[in-house]
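Encoded as structure tokens, the following chain is the form predicted on its own, with no partner shown.
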Amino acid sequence: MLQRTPSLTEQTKSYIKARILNDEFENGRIPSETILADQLQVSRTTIRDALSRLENEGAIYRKQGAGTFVNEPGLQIKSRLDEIWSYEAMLEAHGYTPSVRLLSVNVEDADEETAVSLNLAPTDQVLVVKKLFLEDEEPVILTHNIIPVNLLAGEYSDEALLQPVYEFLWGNGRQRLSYYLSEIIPIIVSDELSGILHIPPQTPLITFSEIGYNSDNQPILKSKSGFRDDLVRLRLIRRRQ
């Protein structure tokens, strides 16, 4: 029987998703809500909510009058672009065993663009953290996070900086990252990036340029991440409304 913490619906969704990935449903057909509710000893409402989340992810689809089925193309999506996840979890979803390397940590005066993005004065200082995410010794993702110093409380360790940035913000500033405003921008790899990511210069690279906001809609983070698309593929499902 499933426990009711932290989220019964999320546990139910994870349980069904695991069974999908293990190919446990004959002919890809998901049992009825009543059967699943009986198996998991939860309400049909919980099952319905869990299935709705899986459908939204693209893992299943519903065919009126026929039932609910596994959506094989949707299973190719390892990480959803409309959710905040750690890059460690993203790499694990791609079948990797990730590690994180801290490249540099500096406190600097905010430049004009950063000051405007984060509602800072030009003289305000920011913490600039560069991290590299690897599979074995092969670099996969490079991140560049900029955090206003005035949001942070006291000292912080390298160990804390190696955490996902949303955990660092909460643990060291009680700032909860609520959402990102993101732009997907292709760039051409410079000689410096080439050496860090182990790819040839002039290679096209997909990057996320993002501003992170707290629950009060205040900017608390500026971030840029570059992905090696030969190792990590970013996919999404686009639906016709």
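So that the term is clear: the rigid core is the largest set of C-alpha atoms that superpose within 1.5 Å between two forms. From 1 onward, residues are counted along the sequence shown. All values reported here derive from a predicted model rather than from experimental measurement.
This protein has a second form, the form predicted together with the DNA, left out of what is shown; the following refers to that one.
J.: Going by heavy atom distances of 4.5 angstroms or less, which of 214, 172, 209, 46 would be at the interface with the DNA in the predicted complex?
T.: Partner contact (heavy atom, 4.5 Å) among the options: 46.
J.: Taking 9, 31 and 68 as a possible spot, do all three reach the DNA in the predicted complex with a heavy atom inside 4.5 Å?
T.: The answer is yes; 9, 31 and 68 each reach the DNA.
J.: Can residue 42 be called a contact residue for the DNA in the predicted complex at 4.5 Å between heavy atoms?
T.: Flag for residue 42 set to yes.
J.: Heavy atoms within 4.5 Å of the DNA in the predicted complex: does residue 27 have any?
T.: Because no heavy atom of residue 27 falls inside 4.5 Å of the DNA in the predicted complex, the answer is no.
J.: For residue 198, is any heavy atom within 4.5 Å of the DNA in the predicted complex, or not?
T.: Judged by the heavy-atom cut-off of 4.5 Å, residue 198 is well away from the DNA in the predicted complex.
J.: Align both forms on the core first, then report whether residue 228 has a C-alpha shift of 2 Å or more between the shown form and the other one.
T.: For residue 228, whose C-alpha is compared between the shown form and the other one after core superposition, the shift is less than 2 Å.
J.: Following rigid core alignment, is the displacement of the residue 49 C-alpha between the shown form and the other one equal to or greater than 2 angstroms?
T.: It does shift by 2 Å or more.
J.: When the two forms are laid on each other by their rigid core, does residue 204 show a Cα shift of 2 Å or more between the shown form and the other one?
T.: After core superposition, the C-alpha of residue 204 moves less than 2 Å between the shown form and the other one.
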